[in-house]
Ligand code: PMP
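A lone chain, given as structure tokens: the form predicted on its own.
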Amino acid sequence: MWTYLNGEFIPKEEVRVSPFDRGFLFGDSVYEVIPSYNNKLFLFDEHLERLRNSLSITKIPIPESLEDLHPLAMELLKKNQFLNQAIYIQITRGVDPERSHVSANTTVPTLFMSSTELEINPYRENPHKKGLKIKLEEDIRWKRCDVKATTLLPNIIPFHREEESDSDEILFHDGQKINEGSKSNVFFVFEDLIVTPPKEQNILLGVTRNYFLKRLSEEGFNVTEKEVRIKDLNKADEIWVTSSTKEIQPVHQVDNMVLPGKELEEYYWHKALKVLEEDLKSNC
């Protein structure tokens, strides 16, 4: 397996990053994950725009090599050979001469890239597969989740509790409002209305989330962004989660509440998945 680090393609086993890198010391870094199907990057421009936005908000200087990100990513795909891959891109503020909250003027950003084989969404292979089991959790994350930062400790702590070991995802709520998953955005279906929490809440504007908002609206579905509260969950006909690597996947159970079942063709998540599959056929 090959990686890319600061201008060089390096075998995974040989990658070395300084412990004085601010990404290691402070979590002073941002990242993106871009899916690739049939050796073609999907929604690349949207991911690059969000990466630039994260860099702008955090005031991390833009590395010169970011201008060549597309050809560099394509070369990494070629080297790692898998037909479908997920490319991980991380940019830190760089290596300081000593640990300090304020970075040195001479600090140069670190750009690291790796890729792994992208697993096929299991709901493509078996749409009848039982949906995900998710747990509700109070949202203790920082208030700038629009920045795709690597400081993800609140996102991963719940998965390391013994009582949450069988959960597929954690759904964060702020008081009574549902925000998003620990590693995904969330959609709800109430009768014929598809709802996702608005960007004004403490959420990451997922590229895949935005894709489904746009495409389902274009296809004539009734889609909107609005607040969803915990008390609304028992009124939901469907709940889905979306992300760049998971695409779209249905939820079967939230805490002890099991969602109602119906015929596969009636599920909106299945119709949304078909829209994605058609777009991937035409684009890839």
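Note that residue numbering follows the sequence shown and begins at 1. The structure displayed is predicted, hence computed values, not measured ones.
The same protein also exists as the form predicted in complex with the ligand; that form is not shown, yet it is the one meant from here on.
Undergrad: Of 179-187, 127-135, 193-201, 80-88, which is the one stretch near the ligand in the model of the complex, taking non-hydrogen atoms within 4.5 angstroms as near?
TA: Stretch with heavy atoms near the partner: 179-187.
Undergrad: Please check if Thr208 has a heavy atom lying within 4.5 Å of any heavy atom of the ligand in the model of the complex.
TA: Residue-level check for Thr208: yes, a contact with the ligand.
Undergrad: Counting only non-hydrogen atoms and a 4.5 angstroms cut-off, does Tyr31 reach the ligand in the model of the complex?
TA: Yes, Tyr31 is a contact residue.
Undergrad: Even though the ligand is not shown here, does Ser243 get within 4.5 Å of it in the model of the complex, heavy atoms only?
TA: Yes, Ser243 lies within 4.5 Å of the ligand in the model of the complex.
Undergrad: Can Arg93 be called a contact residue for the ligand in the model of the complex at 4.5 Å between heavy atoms?
TA: Contact with the ligand, no.
Undergrad: Answer with one of Ser103, Thr116, Thr150, Asn155: the residue that has a non-hydrogen atom within 4.5 Å of the ligand in the model of the complex.
TA: Checking each option against the ligand in the model of the complex, the one that comes within 4.5 Å is Asn155.
Undergrad: Taking the ligand as it sits in the model of the complex, which residues of 35-50 have a non-hydrogen atom within 4.5 Å of it? Please list them.
TA: The stretch 35-50, when checked against the ligand in the model of the complex, contributes His47, Arg50 at the 4.5 Å heavy-atom cut-off.
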